[in-house]
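Below, in structure tokens: the form predicted on its own, a single chain.
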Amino acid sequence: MARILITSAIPYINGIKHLGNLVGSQLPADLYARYNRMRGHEVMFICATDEHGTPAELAAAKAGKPVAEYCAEMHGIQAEIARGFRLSFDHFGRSSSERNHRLTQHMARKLGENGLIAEVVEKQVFSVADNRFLPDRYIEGTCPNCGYEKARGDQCENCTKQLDPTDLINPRSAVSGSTELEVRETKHLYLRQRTLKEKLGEWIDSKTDWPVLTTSIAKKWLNDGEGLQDRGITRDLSWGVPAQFEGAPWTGMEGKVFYVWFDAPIEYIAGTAEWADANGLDDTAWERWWRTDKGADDVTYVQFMGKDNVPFHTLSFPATIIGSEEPWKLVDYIKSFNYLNYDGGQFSTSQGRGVFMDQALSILPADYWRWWLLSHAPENSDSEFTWENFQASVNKDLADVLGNFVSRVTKFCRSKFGEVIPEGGQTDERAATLVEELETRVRAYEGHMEAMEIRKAAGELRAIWVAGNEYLQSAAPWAVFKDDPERAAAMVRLGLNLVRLYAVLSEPFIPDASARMLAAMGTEDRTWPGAIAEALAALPAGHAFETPEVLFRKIADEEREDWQGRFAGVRT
């Protein structure tokens, strides 16, 4: 039994996330967690809401609520939606937790004591109208690179170019819209990443199995241009982890908090501590996952994230861990994703474009979305959600292939043998060929899941479903029954055992349908298949079952057209 630590990039608190966010981190992480649990491994799956920084303050102001109240409310909403999508977190924490405050300050103190924090006086934009320094994201203007008029002071969402606030044309305050801006001096703490460049480079080079997307982004930030830069880790904000605290090896940082990208990844560790607290466990319970001196040396740590988060997880967060000179667990594998685009454009939380997670669940159950998103995951390039493709995939894969198989075999058995697995007869050469094919395909499926090749895994799973349909169509027990009921019984017995096998294999992708199939088969046997011939004899003759309702319904053209129209606009 392996021990596998899984973290998903933690979503910002500022509103409900869209489907692109879901497939870029949380959903594939859930797939991997579910699969490894089913294989008998010990899994710790952690996520949280990212509650500090500019987006939280702006969203709270827009909602007319105190930021702490807003964050608590949105955490509850995001947690409920996560449950709706069956995301199987062991804990869904909060970066504003007391645990994360203490651990972030601890990390900062260790970095300071190790000479890796510099105090830097820099020039920053000050809004006279708002009487405050404006963090990068509080400043909007025209991008000098592409001309987009709503570029932020840290990055242009349109062309993705990294920016400084002073790069913007016609800058204005995102708080008040005022253009009465000045550049003033302020002091901040910087993480001296450049001094760790060699160690980070050696560590990245050692990860020869990482996806090309992950490694290429990491090395670009490490080496291109002037290479890895020291990075500011404080901001002039009131909401966040205070940068001045008892025991801090610096002074004069009152009124400042740690930058959200410093404290957010630390929440992976703090969130595991929150899990221990919530379950009445002591610190050894979470330290065995994170401290290599307390049991974490045998843990495999896997992170899931969109490509925009890769620089922080391959450089900044590891710099914090390495720089602390404490025995914290470093990530072993980073599974990164490209972007999922929406119907000819881009999903955008800030612009409200696309289908959002709550809207998706109001239309169809989670499994429909889980299947489409995972089978179209943007692993090697950007992919695009279109309503036509979604409809075709649901109707063909889920309704026509899997759902149709379950319906045909259970209804035929009920009509000829009753709702009990029939006895008698022997399977023929056709069944032996099916077992041989499934043996090969199930082992290939396992290999893709272990390698986190998500689209390939989905393709193999679908092929496993297809094989059962082809067997049933070829064997044609409804025709055989007329002359040889016992031989038809053997075919049906195999088919009903296939339903149980499909339920087990499909659980990581479509957990609700899996549970319904197992319930229909009257079994709680979720044993992962070893030899396929044995797995297809798990339910014996005489075992009772129930004929399930329609497993997946088809999407009608009228529905698709209605949804296309409803979600063509902008969510406010």
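Residue numbers here begin at 1 and follow the sequence given. Predicted model, so just to flag it, every value in this text is computed and none were measured.
Absent from the display: the form predicted together with the RNA. The rest refers to it.
Q: Considering the RNA in the predicted bound form, find the one stretch among 73-81, 382-390, 280-288, 239-247 with heavy atoms no farther than 4.5 Å from it.
A: The contacting stretch here is 382-390.
Q: Indicate whether residue 487 is a 4.5 Å heavy atom neighbour of the RNA in the predicted bound form.
A: Contact check for residue 487: no, nothing within 4.5 Å of the RNA in the predicted bound form.
Q.
Even though the partner isn't displayed, in the predicted bound form is residue 265 close enough to the RNA, meaning a heavy atom within 4.5 Å?
A. Residue 265: no, not in contact with the RNA in the predicted bound form.
(Q) With the partner left out here, check for me: in the predicted bound form, does some heavy atom of residue 554 sit within 4.5 Å of the RNA? (A) Yes, residue 554 sits close enough to the RNA in the predicted bound form that at least one of its heavy atoms falls within 4.5 Å.
Q. Should residue 150 be classed as touching the RNA in the predicted bound form when contacts are defined as heavy atoms within 4.5 Å?
A. Answer no; every heavy atom of residue 150 is more than 4.5 Å from the RNA in the predicted bound form.
Q.
Taking a heavy atom within 4.5 Å as contact, would all three of 137, 407 and 462 count as contacting the RNA in the predicted bound form?
A. Answer is yes for this spot.
Q) Though the RNA is not shown, can you say which of 126, 333, 312, 481 has a heavy atom within 4.5 Å of it in the predicted bound form? A) Checked against the cut-off, the match is 312.
Q. Among 154, 130, 343, 157, which has any heavy atom within 4.5 Å of the RNA in the predicted bound form?
A. When the RNA is considered in the predicted bound form, the option within 4.5 Å is 154.
Q: Would you give me the residues of 440-469 that have any heavy atom within 4.5 Å of the RNA in the predicted bound form, in order from first to last?
A: 455, 456, 462, 466, 469, in sequence order.
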